[in-house]
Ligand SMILES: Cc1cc2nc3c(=O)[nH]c(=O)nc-3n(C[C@H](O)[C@H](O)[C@H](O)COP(=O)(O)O)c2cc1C
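Just the one chain here, the form predicted alone, laid out as structure tokens.
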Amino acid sequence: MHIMAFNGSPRKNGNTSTIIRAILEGAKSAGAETTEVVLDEIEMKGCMGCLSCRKNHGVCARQDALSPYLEDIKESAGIIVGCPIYMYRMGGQIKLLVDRMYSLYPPGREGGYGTAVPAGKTYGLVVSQGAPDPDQYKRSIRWLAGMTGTGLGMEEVGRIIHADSYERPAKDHPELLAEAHRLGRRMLRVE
């Protein structure tokens, strides 16, 4: 079983990255193979708005370093999406990913959208923010979870909202990291 994590943080040892590593360790402890895609480290481009994916369902016409990972979503047992809040919204790296994931939403038979992602996948979300109120960005977080997970038919098995990250970094928050480890196991429906 393979679990993929899309890390939208440009900071290798930042809060989002620390939490994602703990989730992947939990998944490995349950027997998963894991891949972490650090979006800031790959050469990827945004959606071209070409609508080629409306004809070639589930395939993005843009070919770059993100392309094989979009295909891997279809084969994985589950995915984790993580990002920090910058300037009151999701970081730019995640927005590029979301726009490219549009290719995974084929037109529905009676309007709306379907999904090019096979059923049965798990989904986990990580958001780290400096604001102390974990609900401050709930609309943005709900949108992100919908666009990158539940809207594609994945079952959300956990969500970590790391609030007050300036005052309490993830690396100094053992309870948070223990919850992240448990989330990694839930990605394989263990625990």
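Each residue number is its position in the shown sequence, starting from 1. The shown structure was predicted, so the numbers you read here are calculated from the model rather than taken from an experiment.
The next section is about a form of this same protein that is not shown, the form predicted in complex with this ligand.
- Using a 4.5 Å cutoff between non-hydrogen atoms, residue 171 does not count as a contact of this ligand in the model of the complex.
- Taking the partner from the other structure, this ligand in the model of the complex has a heavy atom within 4.5 Å of a heavy atom of residue 84.
- In the model of the complex, at least one heavy atom of residue 137 sits within 4.5 Å of this ligand.
- When contacts are judged by a 4.5 Å heavy atom cut-off, residue 182 does not count as touching this ligand in the model of the complex.
- Here the chain stands alone, but in the model of the complex its contact with this ligand, taken as any heavy atom within 4.5 Å, falls in 124-132 among 124-132, 40-48, 66-74, 147-155.
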